[in-house]
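Shown next as structure tokens: one chain only, the form predicted alone.
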């Protein structure tokens, strides 16, 4: 089996267990991309400023903010926050019926926290729902916190591994774990482990939105990113995301292996009458 191609944004940041950014050698990134035949991606990385062979941290961080702002624009156009709220509302009601205390929504790989901030701004899920975003990148978390404070929102953001006990998921029976555009970044060998981590923590439910791979999503990604995105990295990674996304059957199989105690569904739209919004579809797991 040929190795999966790499997205540039997966290679530009290296962070240790304590959340401290590490130096990223430019030649190392270029060589990895060239080894996979990704010449265009290698040219994009070669154009990034570097000093003593190490990618310029300030430039890369600013680039990361710009790329995530463009991702937020995509989330807005796909009405992601509204769709997340619509799907989670009945699940939250189920959790309320089965236990007491506040319900917590934990967004894994939240980036700039667009979904969490949009849910907080709309109050669509109710006043007893805690909204928490978690990301490994401390710079994105700091910016998400700044934006939430500036917007006067009741939500919080944490840096680290969302599945580390007590970081964000403290009472699994009252927690619902979500993500958007995150799962396709995982290696295929890590999919079952990803779902198993949520099962081990005993979360009430999970819902992970990712791209539905097909000809339409790949073509749509190319048209949208070249029409709406300005960063070469965004254009490259946006189209590649559609190609790297996992089919429903593979996601469902991994979830059933990792979280066998959950009812699993992949809520895909019609392949023959596709809607633009259905390019992101969720895999949902609920405790019976």
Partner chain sequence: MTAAIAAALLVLALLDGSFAGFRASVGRTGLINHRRSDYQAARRGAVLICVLLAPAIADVCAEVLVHPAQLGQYTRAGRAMLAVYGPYALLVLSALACYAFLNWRLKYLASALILGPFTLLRPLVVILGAALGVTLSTDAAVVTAVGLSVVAVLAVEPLAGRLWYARHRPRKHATTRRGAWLDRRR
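Bear in mind that the values here come from a model prediction, so they are computed numbers and not experimental data. Numbering follows the first chain given and starts at 1.
Another form exists, predicted in complex with its partner chain; not displayed. Remarks below refer to it.
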Exercise for the section: State yes or no: in the predicted bound form, is some non-hydrogen atom of residue 204 no more than 4.5 angstroms from a non-hydrogen atom of its partner chain? Expected result: no
Practice task
Could you confirm whether residue 38 comes within 4.5 Å of its partner chain in the predicted bound form, counting heavy atoms only?
Solution key: no
Practice task
With heavy atoms only and a cut-off of 4.5 Å, decide whether residue 62 touches its partner chain in the predicted bound form.
Solution key: yes
Practice task
Decide whether residue 170 counts as a contact residue for its partner chain in the predicted bound form under a heavy atom distance cut-off of 4.5 Å.
Solution key: no
Exercise for the section: May I ask you to choose, among 243, 43, 250, 230, the residue with a heavy atom within 4.5 Å of its partner chain in the predicted bound form? Expected result: 230
Exercise for the section: Report the residue, out of 184, 73, 156, 96, that has at least one non-hydrogen atom within 4.5 angstroms of its partner chain in the predicted bound form. Expected result: 73
Practice task
Specify the contacting stretch among 159-167, 139-147, 210-218, 185-193, defined as having any heavy atom within 4.5 Å of its partner chain in the predicted bound form.
Solution key: 139-147
Handout entry: All of 101, 268 and 281 within 4.5 Å of its partner chain in the predicted bound form, heavy atom check
Key = no
Fill in the blank from the handout: Of the residues spanning 44-66, the ones with some heavy atom within 4.5 Å of its partner chain in the predicted bound form are 49, 51, 56, 57, 58, 59, 61, 62, 65, 66
